[in-house]
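Just the one chain here, the form predicted alone, laid out as structure tokens.
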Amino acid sequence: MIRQFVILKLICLLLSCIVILQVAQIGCSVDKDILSHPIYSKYAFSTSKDVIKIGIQPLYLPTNIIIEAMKRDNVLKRQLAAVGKTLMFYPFLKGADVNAFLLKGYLHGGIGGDMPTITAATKTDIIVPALFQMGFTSIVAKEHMMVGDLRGKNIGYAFGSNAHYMLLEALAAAGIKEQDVNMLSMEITDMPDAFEKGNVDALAAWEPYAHYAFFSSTAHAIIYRNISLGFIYFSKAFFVDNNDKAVYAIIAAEIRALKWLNQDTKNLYTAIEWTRTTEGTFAGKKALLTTLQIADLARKDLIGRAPQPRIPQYETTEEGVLYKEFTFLKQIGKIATDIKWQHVKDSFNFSIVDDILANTQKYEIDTFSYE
């Protein structure tokens, strides 16, 4: 019996080693995939404590207009220099990629939509000090129709995104079950092409991809919309490590940029041209939307609607959209089921924007100096 017990223990130990080895191999594979990405593998991340590294998305419109203004803000550069810091923005294709590098410690913060922000808050301790986007996710169809007419249609969507959540919400409201439509999961960047080629009859997307599809033909129609939020967030360890003044300067720069963009249409168009150039360089092709089309998007988003980027507190309650998206991410296995909403909610800081707005002279909110 002792001999059988020893043999059984050895078998269990061997199986455990195999499982651990497989998990380690999977982890290495994931790490290798993201680190060997054709774009990201070329990045040289500074190891200096004086350099603040933030992940951004050049294809994230109209949000990137704000970032392009901040890149050229001489007041921000001066205020950061006063605390011995400089700022570097690293471009990524999507929020999940920003988070991957944030979790690995290559970045101090990121700018992304609601789903990446929620996901980051469940995987590490972050601080979310300001709103950065307040627009829409949309369902775009080949022709004018009701959501109920999508029954039996091919619909493109990005799994686990706010557009995925919005699509299911729209279908449920119209009395349509998931099995009543053909949902095709795909990368957001592939959607406009799939839509144009007729591979999908409709798509659920955020901006600017919804507008890429919408503007590609006068027959196309936006048949459903839902609110979409985006945020700037930082590693909490970075914030508490004597970097609070730098974070305040960065949020002040966002507030200043929003004010400058709304001050004169010329300012908005100038920043849009910066954005279109960056988009074209990063994507390796001409920007898909015109200056006027992007300006229209900007006026309907945070830039035109809420020049003070306060986080809407209601949306962090259990009646708000962020909590509902958090629950959705649990249901589809994107985040661990044992994570409590309070942990995510505590990541949102509602006082930093108000502190800056109460001290506009200190943070030079009305001083505009853009290269």
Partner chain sequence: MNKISNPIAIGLKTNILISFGVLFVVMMFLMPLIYLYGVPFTKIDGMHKKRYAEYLKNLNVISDLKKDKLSLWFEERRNNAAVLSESRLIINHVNEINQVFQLLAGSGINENLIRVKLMQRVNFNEMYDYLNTFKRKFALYENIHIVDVQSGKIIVSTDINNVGNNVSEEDYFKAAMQTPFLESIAFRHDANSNKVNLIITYLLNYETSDIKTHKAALIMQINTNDMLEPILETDYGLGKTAEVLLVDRQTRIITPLKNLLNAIPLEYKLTDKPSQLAAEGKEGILISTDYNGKEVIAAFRHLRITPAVSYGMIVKVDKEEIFTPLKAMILYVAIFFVCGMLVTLIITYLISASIARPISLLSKTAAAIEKGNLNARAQKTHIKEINILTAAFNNMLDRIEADQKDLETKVIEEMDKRRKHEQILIQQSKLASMGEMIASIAHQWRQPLNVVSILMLDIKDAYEFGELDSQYLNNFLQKARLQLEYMSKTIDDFRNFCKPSKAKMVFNVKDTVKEALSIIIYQLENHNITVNINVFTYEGNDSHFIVLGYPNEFKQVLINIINNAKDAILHKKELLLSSNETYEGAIDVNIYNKQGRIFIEVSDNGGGIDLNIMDKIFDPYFTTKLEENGTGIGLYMTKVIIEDNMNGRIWAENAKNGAMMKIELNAVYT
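Numbering follows the first chain given and starts at 1. As the structure is a computational prediction, the values presented were derived from the model and not from experiment.
Keep in mind that the form predicted together with the partner chain is missing from the display, and what follows is about it.
A heavy atom within 4.5 Å of the partner chain in the predicted complex is found for exactly one of Leu61, Leu302, Ile66, Ile56: Leu302. A heavy atom within 4.5 Å of the partner chain in the predicted complex is found for exactly one of Lys123, Lys259, Lys245, Lys77: Lys259. Of the stretches 180-188, 79-87, 214-222, 266-274, only 214-222 has residues with a heavy atom within 4.5 Å of the partner chain in the predicted complex. Within 4.5 Å of any heavy atom of the partner chain in the predicted complex lies no heavy atom of Asp241. Interface residue remark: Glu169 is counted as part of the site for the partner chain in the predicted complex, having a heavy atom within 4.5 Å. Taking non-hydrogen atoms only, Asp149 approaches the partner chain to within 4.5 angstroms in the predicted complex. Proximity of Ala174 to the partner chain in the predicted complex: non-hydrogen atoms within 4.5 Å are present.
Annotation for 304-329: interface residues with the partner chain in the predicted complex are Gly304, Arg305, Ala306, Gln308, Arg310, Pro312, Tyr314, Glu315, Glu319, Gly320, Val321, Lys324 [heavy atom within 4.5 Å].
Note on Asn162 and Gly55: their C-alpha atoms are nearer in the predicted complex, a change of at least 3 Å from this conformation.
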